[in-house]
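One chain is shown next in structure tokens, namely the form predicted alone.
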């Protein structure tokens, strides 16, 4: 079992720089957590007790706006860290909810164990700091887009980002490899379901994308890139 966990951690950015024997030690301290589609690994407001690394599936990280609307902050794929606040802030609560988009599996460490691992392997602490900085930069970029970009451009950027992070080649183009509703896209881009539906329908009629059964296929990524980069 530890061998399979070690293999799952190989290539995970948080543990980059560790030797195989060190990865095995890290893996030995982990427990396995699974969540069926729609179930949460944790919810906002719950005591932050565990740090997770996703090894299979997809997890959306969300928060609730002051108006009561769920807002998707990011979509995690295999290798991504989530729930890191458990190791970094004593006695904290999770500020967000992490919910499986499909049946998902993660390795988990208690906050105390992860903190001990960071002390034992300083490179893990350095990697964690880099990941936090990258995530902060990504949130700042999204905030800037919400404040300054036209809606169509925001939607195009979101679709391209998801295709890059979770895309797989199919005959007609690049399919975003998890169920993605139009409401999900509306939440990610700070707009309405009506606007997303109208935009995707227009793109579909032009052959840029296809959408069916909560699946999105990018058929002409170069044209979406032009929309995403349009500064007019």
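Positions refer to the first chain, counted from 1. The shown structure was predicted, so the numbers you read here are calculated from the model rather than taken from an experiment.
The form predicted together with the DNA is left out here; the points below concern that form.
The contact residue chosen from 167, 190, 173, 57 relative to the DNA in the predicted bound form is 190, the criterion being a non-hydrogen atom within 4.5 angstroms. A heavy atom within 4.5 Å of the DNA in the predicted bound form is found for exactly one of 49, 31, 197, 65: 197.
The DNA is not drawn, but in the predicted bound form it has a heavy atom within 4.5 Å of residue 183. At least one heavy atom of residue 211 is located within 4.5 Å of the DNA in the predicted bound form.
In the predicted bound form, none of the heavy atoms of residue 130 sits within 4.5 Å of a heavy atom of the DNA. Residue contact check for residue 201: one or more of its heavy atoms lie within 4.5 Å of the DNA in the predicted bound form. The stretch in contact with the DNA in the predicted bound form, judged by heavy atoms within 4.5 Å, is 149-157, chosen from 102-110, 88-96, 149-157, 130-138. Annotation for 72-95: no interface residues with the DNA in the predicted bound form [heavy atom within 4.5 Å].
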